[in-house]
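Single chain ahead, written as structure tokens, the form predicted alone.
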Amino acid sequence: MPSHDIHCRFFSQEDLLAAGCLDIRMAMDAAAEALAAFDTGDVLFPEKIVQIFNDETQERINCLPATFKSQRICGVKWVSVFPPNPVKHGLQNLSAVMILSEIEHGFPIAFMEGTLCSNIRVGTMGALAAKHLARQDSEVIGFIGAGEQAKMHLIAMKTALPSLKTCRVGAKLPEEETQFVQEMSALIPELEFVAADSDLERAMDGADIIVTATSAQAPLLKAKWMKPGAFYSHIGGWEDEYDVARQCDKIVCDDWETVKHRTQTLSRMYKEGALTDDDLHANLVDLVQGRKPGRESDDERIYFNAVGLAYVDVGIAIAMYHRGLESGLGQDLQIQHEMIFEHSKLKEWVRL
């Protein structure tokens, strides 16, 4: 008789970190491979399922599946976004788990903490874009926003652009900037950090790389603050005035068809007729696959907007799963030992 044991591996956030999964180079490789796989039809990527519990605050849980056919792995990202959490409860606003299953028998192989993977993906897409679109001699990075996404973006950008020497940060509250500087200077001590005391223009002063990572729905970034040759990584929704995009020589998205139906600045411009399909230079995969050029001159201003592609999260999660297995960390979870009606004690357990 065949064994009916089903096991999977559980990885906590601490397991994944200890296994070396906060590795942007690994994530960039996985993201590039995921983009290429989707481009060639190797990825099944159905529509996400969104459950919104509060229309005003947009508290929600999303279910986002994807399957990599050649790797024979199906994954799902189960992510909650509760914007009131930080102010109302002093808690993070995003949490996620990842589930991976093999598709030979359909059994689960991994249950993983997913917030780390999700945050890494956001930073990684910015870093992958910077690899193709930023000046490789960039020295100054400026942030509007000082939260988790900004911190992960700094790690990612420093990985993609080792030339960075100075990090400037502006946030709504000076204490947020202080916390950012304290935490990130301990991780990247070779960088000079400048807290802008909530003066966003000061945070953008001389920035070769601009990152907006804020939940504020307002045009905080001004076009006049973006110097020639700068690369802008737009993370959130409406974070910059329309003239930022208008003055840019190239606009690149992770997926333009997805972006233009969302609520980003570019989405707003498209819906208002201020931006057309012809204004888009490329999707990121076009650069990864070499179909279109990245940066072509030192003076180009370039705008990158990533709305988030969950199949990339799954691709990175698969890489993290393999890294976790190699490390020997995590815990074995026994899903079942026998099939339901094979249990010798079933008569004791059944409730009629």
Ligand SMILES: NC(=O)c1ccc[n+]([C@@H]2O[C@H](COP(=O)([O-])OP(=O)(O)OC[C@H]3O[C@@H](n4cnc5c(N)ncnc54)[C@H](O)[C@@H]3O)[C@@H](O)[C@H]2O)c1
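Predicted model only: the values in this text are computed from it and were never measured. Start at 1 and count along the sequence shown; that's the residue number.
Not on display, but discussed next: the form predicted together with the named molecule.
Gly114 falls outside the set of residues with a heavy atom inside 4.5 Å of the named molecule in the model of the complex. Gly75 falls outside the set of residues with a heavy atom inside 4.5 Å of the named molecule in the model of the complex. Proximity of Ala306 to the named molecule in the model of the complex: non-hydrogen atoms within 4.5 Å are present. Although the partner is absent here, Val259 is not a contact residue: none of its heavy atoms lies within 4.5 angstroms of the named molecule in the model of the complex. Interface residue among Glu241, Glu176, Asp255, Asp208, judged by heavy atoms within 4.5 Å of the named molecule in the model of the complex: Glu176. Interface residue among Met269, Leu280, Leu220, Leu161, judged by heavy atoms within 4.5 Å of the named molecule in the model of the complex: Leu220. Each of Val122, Lys172 and Ser215 comes within 4.5 Å of the named molecule in the model of the complex, counting any heavy atom. Of the stretches 128-136, 270-278, 144-152, 224-232, only 144-152 has residues with a heavy atom within 4.5 Å of the named molecule in the model of the complex. In the model of the complex, the residues of 224-256 lying within 4.5 Å of the named molecule by at least one heavy atom are, in order, Ile235, Gly236, Gly237.
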